[in-house]
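Presented as structure tokens, the chain that follows is alone, the form predicted alone.
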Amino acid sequence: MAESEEDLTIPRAAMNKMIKEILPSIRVANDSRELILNCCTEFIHLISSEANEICNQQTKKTISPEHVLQALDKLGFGDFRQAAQEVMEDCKQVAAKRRRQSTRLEHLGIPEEELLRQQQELFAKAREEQAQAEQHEWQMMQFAAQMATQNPGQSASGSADDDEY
């Protein structure tokens, strides 16, 4: 299913959050929010199209951050270059931090095979404990049923021995 031009926008919730963070004490009319959303979408489209052209001219298949920075310059948005570079550096740092965090298991000093073996042992132990609990419950039910069949009249009105007196 192909998306139409209208579907290619920044999510409204994200845009509203940005507006609220930037202008916390100012009310922004809905039509103004819509205009801001459309301007942002158009700006992104313009920059990405120009970056794509630069990428194609350099016979590259992937748009790099440098292509985007060159597109900013070429389209007359050179004033944004420094801020864009700072954001790019921040993003690189966040990505590097995520990569370091995702390799925490590797830094434990325990091979993955050993961790898997320990996990399987824990699962087996849990299954055994569950089976024992179920068997104990079954035995208790059997015992209760056996007691009920051996002494059927006791639960009603005393024992059968009362009739002999």
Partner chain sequence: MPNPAEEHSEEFFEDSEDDAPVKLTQLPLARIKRIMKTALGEDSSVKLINKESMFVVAQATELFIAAIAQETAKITHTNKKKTMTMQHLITTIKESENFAFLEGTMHSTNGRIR
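This structure is a prediction, so every number in the text was calculated from the model and none was measured. In this text, rigid core is short for the largest set of C-alphas that superpose within 1.5 Å between two forms. Positions refer to the first chain, counted from 1.
The next section is about a form of this same protein that is not shown, the form predicted together with its partner chain.
26 is the sole member of 116, 26, 131, 124 with a non-hydrogen atom within 4.5 Å of its partner chain in the predicted complex. When contacts are judged by a 4.5 Å heavy atom cut-off, residue 22 counts as touching its partner chain in the predicted complex. The shortest heavy atom separation between residue 35 and its partner chain in the predicted complex is within 4.5 Å.
In the predicted complex, none of the heavy atoms of residue 137 sits within 4.5 Å of a heavy atom of its partner chain. In the predicted complex, its partner chain lies within 4.5 Å of some heavy atom of residue 62. Along 73-89, a non-hydrogen atom within 4.5 Å of its partner chain in the predicted complex is carried by 75, 76, 77, 80, 83, 84, 87, 88, in order along the sequence. A displacement of less than 2 angstroms separates the C-alpha positions of residue 29 between this form and the one not shown, with the rigid core held in common.
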